[in-house]
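There is one chain below, alone, in structure tokens, taken in the form predicted on its own.
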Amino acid sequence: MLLRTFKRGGIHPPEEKLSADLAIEYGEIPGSLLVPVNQHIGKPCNVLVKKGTAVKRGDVLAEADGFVSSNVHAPVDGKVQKILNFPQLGGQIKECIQITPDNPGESYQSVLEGDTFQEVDVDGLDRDEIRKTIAKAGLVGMGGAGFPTHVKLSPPPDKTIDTLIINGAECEPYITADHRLMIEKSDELVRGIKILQKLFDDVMIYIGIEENKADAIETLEQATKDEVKMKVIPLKTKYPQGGEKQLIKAVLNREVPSKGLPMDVGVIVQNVGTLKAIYDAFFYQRPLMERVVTVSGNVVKRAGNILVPIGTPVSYLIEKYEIDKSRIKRLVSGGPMMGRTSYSFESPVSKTSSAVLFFDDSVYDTRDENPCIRCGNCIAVCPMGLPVAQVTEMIKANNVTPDIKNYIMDCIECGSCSYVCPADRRLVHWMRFGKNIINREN
């Protein structure tokens, strides 16, 4: 099997895919939901409800404000208890809508089974209709970035799109949510792809999947065997293979320019979870109200992949998977490489919550930073080819020149540099700090 990959940098952390062979299970409706108001990159939503408002599943709770924004919907029938600021998975304090469900404890599978399937004539869909349906459904990139999907699918007229890449790499350790979707929902994913095909003329589809998901590769090869314009691309298992720029380089050998976007080289990349949400929006008229989350970590006896409504608190997952709270010293949203530490067991699952990981102190090293020894390891593994050691020194010295700004903004925050640094320097932390400096100036 010919395996493709990006050529520059990358690392091979332990995979720890503990839940790869575990089918997606359905959660129950918890006793209380905290639905984040803003779950996307872009302009904040306008809240439409208030304390005491009775809501039905699918009602718009917060409305998109402008083009680069995204609707938020009620995932259950219930009543709004309050609107409050609360810690999110990732640590930020954001506005949430607290809902008390009418039917706590009900299986979410039974809720989904109540939705009506409606066959769609994909060939008859209009391009504007497709984008409007996606926008109305509140779809965002579910790989972690949260960029509104309708915006990503609306490139300027001067950008000709000839390729769609479906990101099934899922290169972070522990996370297996997309892996299970590719195995269990392959037909739905293909139908979602066909809807996207209608947006662009003569577009080619490549589905990139790492070799450690051989069952997903086989399943999607079978599902696409009669599709002339769809091809599964086996990828070498290497982190961060799932980064957009690295994936484009691996699949097409095209280089996205500095400060550029995939559309600059004729490509749009979509995550597997987003594709499933596109299918749901068209064939079930279902907005984005739930997602599959991987629950794993070294204190989790029974890892898993679970579909839960948006707004489900971490405490529900702890109870569901019988995790010993006293052993949890680190709560991580996302993967261990790019994920963020969280601080509250009541923080809610959002549209971008691919995983919730639980660790004890043995996994994390808390050694002090030491001076750079000029080994060059960080530069060697950086998939963007950045002079990481020098740039972080400039950031620490508050000497962020225009050239240094360009390097900082090209950083994809994959954490490979920090992973290999023998001096225990928090390199990715300093790159993020540099971005904060630039954003404040703007």
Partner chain sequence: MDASKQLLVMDSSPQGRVTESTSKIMNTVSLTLIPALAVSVWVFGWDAVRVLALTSVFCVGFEWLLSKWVSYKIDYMDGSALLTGILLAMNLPSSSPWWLILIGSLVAIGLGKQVFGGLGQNIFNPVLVSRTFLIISFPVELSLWPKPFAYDGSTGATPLGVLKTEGVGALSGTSIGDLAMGQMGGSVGEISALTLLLGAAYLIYKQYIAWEVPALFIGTVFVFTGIFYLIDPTTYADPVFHMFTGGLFIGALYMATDMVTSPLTKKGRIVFGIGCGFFTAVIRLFGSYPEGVSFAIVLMNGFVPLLDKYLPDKKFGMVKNG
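Positions refer to the first chain, counted from 1. Please read all numbers here as calculations on a predicted model, not as lab measurements.
The following text describes the form predicted in complex with the partner chain, which does not appear among the structures shown.
**Student:** What is the one choice in A135, M337, A216, I205 with a heavy atom within 4.5 Å of the partner chain in the model of the complex?
**Tutor:** Result of the distance check: M337.
**Student:** Just to confirm, with a 4.5 Å cut-off on non-hydrogen atoms, which of Q222, T116, Q109, N370 contacts the partner chain in the model of the complex?
**Tutor:** It is N370.
**Student:** Each of G91, R330 and A423 near the partner chain in the model of the complex, meaning some heavy atom within 4.5 Å?
**Tutor:** Yes, the whole trio is in contact, each within 4.5 Å by some heavy atom.
**Student:** Please determine whether R374 contacts the partner chain in the model of the complex, using a 4.5 Å cut-off between heavy atoms.
**Tutor:** Flag for R374 set to yes.
**Student:** Check G415 for me: does it contact the partner chain in the model of the complex (non-hydrogen atoms, 4.5 angstroms)?
**Tutor:** Judged by the heavy-atom cut-off of 4.5 Å, G415 is in contact with the partner chain in the model of the complex.
**Student:** Could you confirm whether L386 comes within 4.5 Å of the partner chain in the model of the complex, counting heavy atoms only?
**Tutor:** Contact check for L386: yes, within 4.5 Å of the partner chain in the model of the complex.
**Student:** Going by a heavy atom distance of 4.5 Å, is Q390 a contact of the partner chain in the model of the complex?
**Tutor:** Within the cut-off, so yes.
**Student:** Partner absent here, but in the model of the complex, which of 290-298, 356-364, 120-128, 186-194 has residues with a heavy atom within 4.5 Å of the partner chain?
**Tutor:** Of the stretches listed, the one contacting the partner is 356-364.
**Student:** For a quick check, can you give me the residues of 342-358 that have a heavy atom within 4.5 Å of the partner chain in the model of the complex?
**Tutor:** S342, Y343, S344, F345, in sequence order.
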